[in-house]
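Listed next as structure tokens is one chain, alone, in the form predicted alone.
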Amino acid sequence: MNELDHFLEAADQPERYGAGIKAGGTPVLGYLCSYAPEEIIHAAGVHPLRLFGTLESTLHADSHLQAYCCSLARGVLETALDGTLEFLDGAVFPHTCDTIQRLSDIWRLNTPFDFFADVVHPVRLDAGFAREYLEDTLQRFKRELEAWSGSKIDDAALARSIETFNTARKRLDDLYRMRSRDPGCISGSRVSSIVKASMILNRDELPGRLSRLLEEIESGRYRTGATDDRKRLLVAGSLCDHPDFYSMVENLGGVVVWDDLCTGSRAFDGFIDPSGDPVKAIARRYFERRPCPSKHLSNTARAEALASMAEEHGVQGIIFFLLKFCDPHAFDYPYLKEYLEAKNIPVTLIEVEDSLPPEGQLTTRLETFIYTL
């Protein structure tokens, strides 16, 4: 089996992989957002596993969450209630929107898992007290994890975890930059699965696997053909768990060369300073990386970041991939659209739920957008 197969298998069957980790004797904590402090979880000897929900019926979850809650929240709750996630030891809930806040309460009251933690990040990143507040929040989470696991999380363990995650993030950044330079080196759907798998696989093994995978890609094993005539695109939004979307874009004459997704580049954006207090260093990364719409830095911070990414990677158009009922991104879009169009960067909006819109409808919209670039 080559390295790519390991990533594709984990991305396709995350629950099966998580159950295998638990069967091997390692506790597993689920999380829903890239604001979850994975380094602290890992330093406690616990495996952090990103939860992606289900594309199947959400019959159990629908008795707890309204239909206007996003499909991610309903899907994750469904997998907790129907036994799919029975291997979990618990979950960590960073509060990023009203739906996730309510989901954490429902989860705590209706699931049997041993461990539960809310990690409430500050919303105003420009507030004077925000950094101290986040440092206190992370310290409190560390103490809760220590009490549950029965083991001390010392600075040496945190330093090792920081090095592991920094290396993995650097490898993912290398992958993205390699594909920005040469989009034909590997397909967009496979890159999407690789990033997803990086939130599932054993983190101690991940840096080495990513290094070997980059060597495989550089060897030309996964080339997709010439891409010089394709329109270079950037996808922005919360998450995109639909590899077929990237294939559809490529079949229509486009190619996604970068993204701003919480299951994409935003998840590995920024590195942690290995010197000094490790908890403060972890908190610092959350302030210095690109914010998502659930955090406020300035009225134009996200739009400026998108424009900068578009310029750096020669992007000709931006596709906003909006998960239906995702309020932070829905409220964010009009301001981003106005700013980007003023910079002569074309944008379009694709709204999805747990599955992509009908193929004919989506093809027409994407084809029209790509044709106008």
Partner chain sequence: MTDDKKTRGIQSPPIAMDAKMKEIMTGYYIEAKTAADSGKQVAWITSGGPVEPLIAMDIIPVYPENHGAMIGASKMGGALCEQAEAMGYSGDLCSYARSDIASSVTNGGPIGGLPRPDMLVACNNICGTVMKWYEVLARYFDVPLFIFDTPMCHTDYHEESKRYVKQQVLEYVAFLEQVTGKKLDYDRMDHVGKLSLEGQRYWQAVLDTAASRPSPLTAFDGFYHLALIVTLRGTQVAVDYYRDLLAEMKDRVAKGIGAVPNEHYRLLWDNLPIWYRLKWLSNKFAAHDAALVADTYNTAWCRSLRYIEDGNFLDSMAEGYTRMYLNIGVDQMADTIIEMAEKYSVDGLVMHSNRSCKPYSFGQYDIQRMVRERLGIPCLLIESHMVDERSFSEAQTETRIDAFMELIRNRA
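Numbering follows the first chain given and starts at 1. Since this is a predicted model, take the numbers as computed values, not measurements.
Not pictured, yet referred to below: the form predicted in complex with its partner chain.
**Q** So which of Glu311, Glu56, Asp327, Glu304 gets a non-hydrogen atom within 4.5 Å of its partner chain in the predicted complex?
**A** Contact check passes for Asp327.
**Q** For the chain seen here without its partner, which of 274-282, 193-201, 208-216, 115-123 has a heavy atom within 4.5 Å of its partner chain in the predicted complex?
**A** Stretch 115-123 is the one.
**Q** Is Gln66 part of the interface with its partner chain in the predicted complex - any heavy atom within 4.5 Å?
**A** Yes, Gln66 lies within 4.5 Å of its partner chain in the predicted complex.
**Q** Indicate whether Pro243 is a 4.5 Å heavy atom neighbour of its partner chain in the predicted complex.
**A** No, Pro243 is distant from the partner.
**Q** Consider Glu341 of the chain shown here, and say whether it contacts its partner chain in the predicted complex, taking contact as heavy atoms within 4.5 Å.
**A** Flag for Glu341 set to no.
**Q** Would Tyr133 count as a contact of its partner chain in the predicted complex, using a 4.5 angstroms cut-off between non-hydrogen atoms?
**A** Judged by the heavy-atom cut-off of 4.5 Å, Tyr133 is in contact with its partner chain in the predicted complex.
**Q** Is its partner chain close enough to Asp182, Tyr222 and Pro346 in the predicted complex that each of the three has a heavy atom within 4.5 Å of it?
**A** The answer is no; none of Asp182, Tyr222 and Pro346 reaches its partner chain.
**Q** Pick out the residues of 100-116 whose heavy atoms come within 4.5 Å of its partner chain in the predicted complex.
**A** Contacts from 100-116: Gln101, Arg102, Ser104, Asp105, Ile106, Arg108, Leu109, Asn110.
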